[in-house]
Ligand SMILES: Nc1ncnc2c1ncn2[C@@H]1O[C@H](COP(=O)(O)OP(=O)(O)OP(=O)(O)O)[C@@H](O)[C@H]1O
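Before any questions on binding or motion, here is one chain by itself as structure tokens, the form predicted on its own.
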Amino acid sequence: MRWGRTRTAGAGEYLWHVIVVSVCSLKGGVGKTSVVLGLASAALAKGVPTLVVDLDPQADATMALAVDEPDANVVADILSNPRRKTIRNAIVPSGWTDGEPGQLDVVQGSQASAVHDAPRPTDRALARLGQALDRAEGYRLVLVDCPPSFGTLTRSGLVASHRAMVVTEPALFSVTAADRALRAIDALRRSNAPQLQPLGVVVNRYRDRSPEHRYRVNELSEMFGPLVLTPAVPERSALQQAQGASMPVHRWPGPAAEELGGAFDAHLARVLRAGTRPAARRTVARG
């Protein structure tokens, strides 16, 4: 993916590239898709051109992003045929942008992608999503919503990614699943995805007044140290309300939505920092 040029106030000139981030969990029900949608909302609010790839056969991200393009290709088509034409016909605007392409676009998920979740994938199959994303132009950020398992679909997303974000809840089984996820990511780095790095663990649905939640967050910090990302995403009904209305949380009214928006803004900033490096020369190639 090509390097471009941007400027950070007070910090001089930086190079940036399209950064692909897989958001994953090995346990269902922890709010993985909610984190994807929160990051997409933050990116839209900040004007960061973003593509969401819905790898989950449940296609909840597609629904929440208000996508209704029945004639467009879906992610299963890309996994079958990662050619430029296929990816071009699969990228559609989110309804959050009132149909304007290029700000927040989506590759739709569908149940058809489940046929690509083979137990023993070939290297060629794992590489297809990355090949397709290399042909997606005009984005600063690509968010891949992976299924809650470590099958071929999740592995494909990770192989295509530069960073992996693991989502967990502050509960015993979810903490154990986060540990398994980080170990699986490390194993994949040693084989098919040498460029992949863990971005960290996002604690979702956190209640500060809960002793159990505080205990589990401390446990996560002892286990993973700086990989536990702050702030935790608080448990607020505003997030579910915004998703139910197919709206970005940054546009939902009220202080709870503002609190959630601030948490996702912080995580988005961390993601974007992972896709920059100081410019080595005054002159850089433009793609």
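Just so it is clear, the structure is predicted and the values come from calculations on it, not from any experiment. Numbers for residues come from their place in the sequence shown, where the first is 1.
The discussion below concerns the form predicted in complex with the ligand, not included here.
When the ligand is considered in the model of the complex, Pro49 lies well away from it, no heavy atom lying within 4.5 Å. Residue contact check for His250: none of its heavy atoms lie within 4.5 Å of the ligand in the model of the complex. The shortest heavy atom separation between Gly254 and the ligand in the model of the complex exceeds 4.5 Å. Taking non-hydrogen atoms only, Pro148 approaches the ligand to within 4.5 angstroms in the model of the complex. Scanning Gln240, Thr230, Ser246, Ser221 against the ligand in the model of the complex with a 4.5 Å heavy atom cut-off leaves one residue, Gln240.
Checking His162, Arg128, Arg216, Arg205 against the ligand in the model of the complex, a heavy atom within 4.5 Å turns up for just one residue: Arg205. Only one segment in the set 63 to 71, 38 to 46, 221 to 229, 22 to 30 has any non-hydrogen atom within 4.5 angstroms of the ligand in the model of the complex, and it is 22 to 30. Along 210 to 239, residues Val233, Pro234, Glu235, Arg236, Leu239 each place a heavy atom within 4.5 Å of the ligand in the model of the complex.
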